[in-house]
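Have a look below at one chain only, the form predicted on its own, in structure tokens format.
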């Protein structure tokens, strides 16, 4: 299957580990992702809060570029997906219907055809790994933009983890906001929102949090040491991309290298489950 791929800005910078994982998983599942030529920023998160015309124009330009190609478009970033869908709705309101579908990457890879491929190609089932699935707020909401059938209680990531052999745990915070782009401007808000997610995940019995958005991953992974100091208790919950778990279960050799880029190292938890080998440190001298 071939699709047009809209990476968005951060996958070429701060989220390069996510980009590497996506490329690895695509190869394992027989998916060809052809990057949209001459794509531009979708406008998230600044444009739609500062300039309504720019917020409309930026995603629409990308959609018109994609229209020339005619393939479905997939976006791995929740913010990019949301803005592209908003652009598509703007065009539809003006009577300009697109000939392709805009996909969120998680939604695409949890379609039955891909779940079936994963189940048939498991190398290392993720048996014993207990995780909570965190979708964040923008990939499913507002449903009039995203067309999500169950925006408050999505379940496709849970289906994915079950297919891979892991145990998804019930919790009520899967679509709560992590603070999105406020990490620099309002770290106090990020800390309050994210600490609540840590507390609820631990209360559910989670050994890790699984995400499908690089902004969510950053907001949940990066401030754990700071929040631990503020709270007077240690938070050390690995925050994994769903693509890393697919690649791990399907035996991709580069997974340890991707995981090493996380601030909260997921490898000890995975190694304790027998899912990953951590190389012994080399003796110096």
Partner chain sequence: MAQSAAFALAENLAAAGLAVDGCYQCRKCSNGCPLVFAMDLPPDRVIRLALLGREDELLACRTIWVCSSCETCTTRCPNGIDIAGVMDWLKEQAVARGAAVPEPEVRDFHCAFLGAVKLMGGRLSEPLVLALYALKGGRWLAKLRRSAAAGELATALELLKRRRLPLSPPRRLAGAGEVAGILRRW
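Residue numbers count along the first chain shown, from 1. This is a predicted model, so every value here is computed, not measured.
Heads up, the form predicted in complex with its partner chain isn't pictured, but that's what we're talking about next.
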property: Heavy atom within 4.5 Å of its partner chain in the predicted complex - the one residue of 169, 137, 115, 108 that qualifies; result: 137
property: Proximity to its partner chain in the predicted complex (heavy atom, within 4.5 Å), stretch among 205-213, 192-200, 116-124, 86-94; result: 192-200
property: Close approach of residue 252 to its partner chain in the predicted complex, 4.5 Å, heavy atom; result: no
property: 4.5 Å heavy atom contact, residue 236 and its partner chain in the predicted complex; result: no
property: Interface membership of residue 44, its partner chain in the predicted complex, 4.5 Å heavy atom rule; result: yes
property: 4.5 angstroms heavy atom contact with its partner chain in the predicted complex for residue 141; result: yes
property: Contacts with its partner chain in the predicted complex, stretch 244-268 (heavy atom within 4.5 Å); result: 260, 261, 262, 263
